[in-house]
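Just the one chain here, laid out as structure tokens, in the form predicted on its own.
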């Protein structure tokens, strides 16, 4: 058990005992124990922990919160919490707890024992699927895909670290209208490159990547497609292109540090009749009706502004129809929670998708949608809209090539997904402490440099069990206090689906280390202090490395 959790449980037990004792002595009267929290105050001046229990009890106790807080405080037995130094009542009735400085000295031993698992939680006995990126296989991966990839993969890492059984999935949109248009675009380019004078489809895919794919088709098939029917030709070129594009997506995302457990093909839902089944299922339940030749899902029953078409008047299912079938498939596979990372442009799709899940008899809260805002690239203070290489939008490949995987991932995950993001290409390449990912990695490398210096000087680095940590000063204790928060930060990030919290956390820990490093010397003439500081450095390095691993970023030993 980590020290934060242990202290929390001790404080909670003491508060419950104090309340029961106060009721027995008729100091206060209440029927039910409130679901109060023990939290870490943002302001260090408010103690190490604080509770809101007095405010929650005010109504049923018919008493002012501060008075309740005074009664609780007077009944708490300090012997139950050996590390408790004092209590203070603040504001409307918060109880602030101040601990003795040495409560953190057990932490290095815990970190050393857990190593790469430091910060993790026991199994939650929940199976969670995280689906992210799922880009249409009709073009290159762009900045939205890049941000979704970093957010989704980091979130999956956090959930796994927090004790969930996690499965990453990519949904391949290889069916429907966009694939038909893609096939027509490929065929048109093939015929044009073979000398035919034909018009390119008005709504076709006109990118250079389509031309490049068609050139590969011509290399492999030459003019043999000319003798085919249009239907045969389109089927061949689109299957060729999809195979090429999906392999490109796999390779690019792998270079971005992302590996999926499952690649799910949309066309399987159509081939196996699952889309037709879902329409019949919802029709039988009374959630689908016909109007003007089309079939509509009653999404307004679930708070949507208007009902949504699932079968067009031409008899073809919409993307929404296959998406309902896909999400039913997810729950039928036994996931307790299903998490999707979508672009903000899918905002209108959230309510109707949750409504469909509810209509199918599942708890809509088991489907969680994380929406992310747009990314704007900057170079030299100017927005970058086009790739120098292709003349189209900048691709993920080009971004990785320019700034590297680590910087790209850190920058994308550093901001809350629901905030628009400005990505400064110049800053991402800087080897300075102004660059946040460099700043964190440099902390890890600096600590390794200290250990190299110690080895060169013949200093024996003692195990944490041989070190007296009570000798450490205020700056060192601030670092330990931050390290103690790590398991809680992971658990909170998992609960809130907030991967940016881990980036902020490791930045703050790196900042505390750099400040300490600039003011103090780890290797010094005081042997006991040197031993304690070296052990602290090992504890700090492990925590930084674990946080970077969660973010999918390397932890270099020298820079």
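For the two forms, the rigid core is made up of the largest set of C-alpha atoms that agree within 1.5 Å on superposition. As the structure is a prediction and not an experimental result, all values here were calculated from the model. Numbering follows the first chain given and starts at 1.
Not pictured, yet referred to below: the form predicted together with the RNA.
Contact with the RNA in the model of the complex, defined as any heavy atom within 4.5 Å, is confined among 281-289, 195-203, 148-156, 367-375 to 367-375. At the 4.5 Å threshold, heavy atoms of residue 347 reach the RNA in the model of the complex. Contact annotation for residue 526: none of its heavy atoms lies within 4.5 Å of the RNA in the model of the complex.
Remark: residue 517 counts among the residues lining the RNA in the model of the complex, judged by a heavy atom distance of 4.5 Å or less.
Contact check for residue 401: every heavy atom lies farther than 4.5 Å from the RNA in the model of the complex. In summary, among the residues 74, 433, 114, 393, the only one with a non-hydrogen atom within 4.5 Å of the RNA in the model of the complex is 433. Put simply, of 416, 272, 239, 124 only one has a heavy atom within 4.5 Å of the RNA in the model of the complex, and it is 416. Contact annotation for 438-468: residues with any non-hydrogen atom within 4.5 angstroms of the RNA in the model of the complex are 438, 439, 442, 445, 446, 449, 450, 452, 453, listed in sequence order.
Superposed on the core, the two forms differ at residue 424: its CA moves 2 Å or more between this form and the one not shown. Residue 515: CA moves less than 2 Å between this form and the one not shown after rigid-core fitting.
In a rigid-core overlay of the protein, residue 46 has its C-alpha displaced by at least 2 Å between this form and the one not shown.
Three angstroms is the minimum change: in the model of the complex, the CA atoms of residue 424 and residue 442 sit farther apart than in this structure, by 3 Å or more.
Cα of residue 424 to Cα of residue 545: at least 3 Å longer in the model of the complex than in the shown structure.
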